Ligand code: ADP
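A single chain, nothing else alongside it, follows as structure tokens in the form predicted alone.
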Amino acid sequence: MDDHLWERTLDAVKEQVSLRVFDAWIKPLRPAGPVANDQIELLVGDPLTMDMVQKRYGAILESCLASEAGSHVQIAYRLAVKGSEAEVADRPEPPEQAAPAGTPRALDKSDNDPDGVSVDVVVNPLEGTGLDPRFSFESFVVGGCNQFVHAAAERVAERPARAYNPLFIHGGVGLGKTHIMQAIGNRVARTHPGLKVLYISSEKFMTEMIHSLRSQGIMAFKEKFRSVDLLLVDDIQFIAGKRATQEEFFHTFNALYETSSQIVLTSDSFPADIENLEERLRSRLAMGLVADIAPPDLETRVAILKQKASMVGIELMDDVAFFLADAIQTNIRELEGALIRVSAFASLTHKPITLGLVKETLRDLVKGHDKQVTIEAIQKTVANYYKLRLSDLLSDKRTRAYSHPRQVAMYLCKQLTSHSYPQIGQQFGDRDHTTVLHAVKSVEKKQAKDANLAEELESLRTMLRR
């Protein structure tokens, strides 16, 4: 092998993979020596890298190497020995297909190495847990809609079975229940490596139970779920109406609780609202801390959108982020789906992500978003929503039944129209602009802490966009 063959090979590979992949997986590789008998040996820093490179990028490496060498060269991989001159340089924690930064790595030092040199073996703390390493507290955007849940989840992760047990998290589809639940599991798995953690959906719990009954392996099933230190069960509402599954989960719950194991559950409904659930199980679900996740407000959606974009290397302009976050108010999954769709369209057409491109790409999703909203429409919609007469909304009555809707209407007028504070005040019984300013600031402050108010505002925005 000539002196520059490997450098030329790296340059060729760099053209075929993303820069992030190249820096994380390919660049740290080092040849152990020259090509011999049409074979080259590459030194790899750890088993995780070896497995990833062989499975995902081995073919690209061999193709580029053969092209530069002028003939086929087979690649063999070998773990680098610590302390050797050819040891692979430390590589940064890769952003893709790997545990997030800060993941502790247990090192297994072999005492039986005849040369007295040990090899680092990476122990994956998430192996067998069912957890996705992408879900962490660090990647969870906190806003008024989920601040309480986030704080409770962090407390549980810090003190499993000593803080809130069970922790029951409920909320609508796509609001982050699974994310925050798995963040607990990931944190515990890494900071308490001696604890056994298991994440599972209630549907899979039922499927495994049925399979164990058919295969006469019910004792192994019981042992699997009753021997953990932290059990995370997603979408518990799906066991409603399934008597055998409820029976088994009831006993599993009791066994874990009695041994001071932490239990975390998610559902789309409050325990009392889950139909066809046995009362004794319902009482178990509600015996700890019950916390809800509300739909995110506009500012939180913008923050989530920008973070999602940053994670995939997209720089999202503020006007684009606000437009998307305001146009798609249902849930985070749809917002993320819209971002993926826009990103793909921009990539395929080689165009920058502008407001115009977003409107073109998502015209079926955001149709009606450009509809001009008037002060009169807002006043009528708010009055109907709160079951008031329009004259009452515009009156000088100061009881909360009238003042709260009036402030909401003023806030929406400022948010959804281009009118100034004095112009809005004039339309509300010729009120001073400071009254409108106070109303807007008051609603902004309250919605950050009041999930019900945030939901009211989202509902009204949706009605006004139709």
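The shown structure was predicted, so the numbers you read here are calculated from the model rather than taken from an experiment. Residue positions are given as counts along the sequence shown, with the first one as 1.
If you look for the form predicted together with ligand ADP, you will not find it shown, but the lines that follow are about it.
Colleague: Counting only non-hydrogen atoms and a 4.5 angstroms cut-off, does residue 336 reach ligand ADP in the model of the complex?
Modeller: Within the cut-off, so yes.
Colleague: Can you check whether residue 186 is within 4.5 Å of ligand ADP in the model of the complex, heavy atom basis?
Modeller: Contact with ligand ADP, no.
Colleague: So in the model of the complex, does residue 139 come within 4.5 Å of ligand ADP, heavy atom to heavy atom?
Modeller: Because a heavy atom of residue 139 falls inside 4.5 Å of ligand ADP in the model of the complex, the answer is yes.
Colleague: Taking 4.5 angstroms as the cut-off for heavy atoms, does residue 178 touch ligand ADP in the model of the complex?
Modeller: Residue 178: yes, in contact with ligand ADP in the model of the complex.
Colleague: If contact means a heavy atom within 4.5 Å, which one of 256 to 264, 302 to 310, 315 to 323, 270 to 278 is the stretch that engages ligand ADP in the model of the complex?
Modeller: Heavy atoms within 4.5 Å of ligand ADP in the model of the complex occur in 302 to 310.
Colleague: State the residue from 221, 135, 238, 164 whose non-hydrogen atoms include one within 4.5 Å of ligand ADP in the model of the complex.
Modeller: Here the answer is residue option 135.
Colleague: Among 244, 173, 348, 151, which has any heavy atom within 4.5 Å of ligand ADP in the model of the complex?
Modeller: Contact residue from the list: 173.
Colleague: Closer or farther: how do the CA atoms of residue 306 and residue 448 lie in the model of the complex, compared with the form shown, if the change is at least 3 Å?
Modeller: Farther, not closer.
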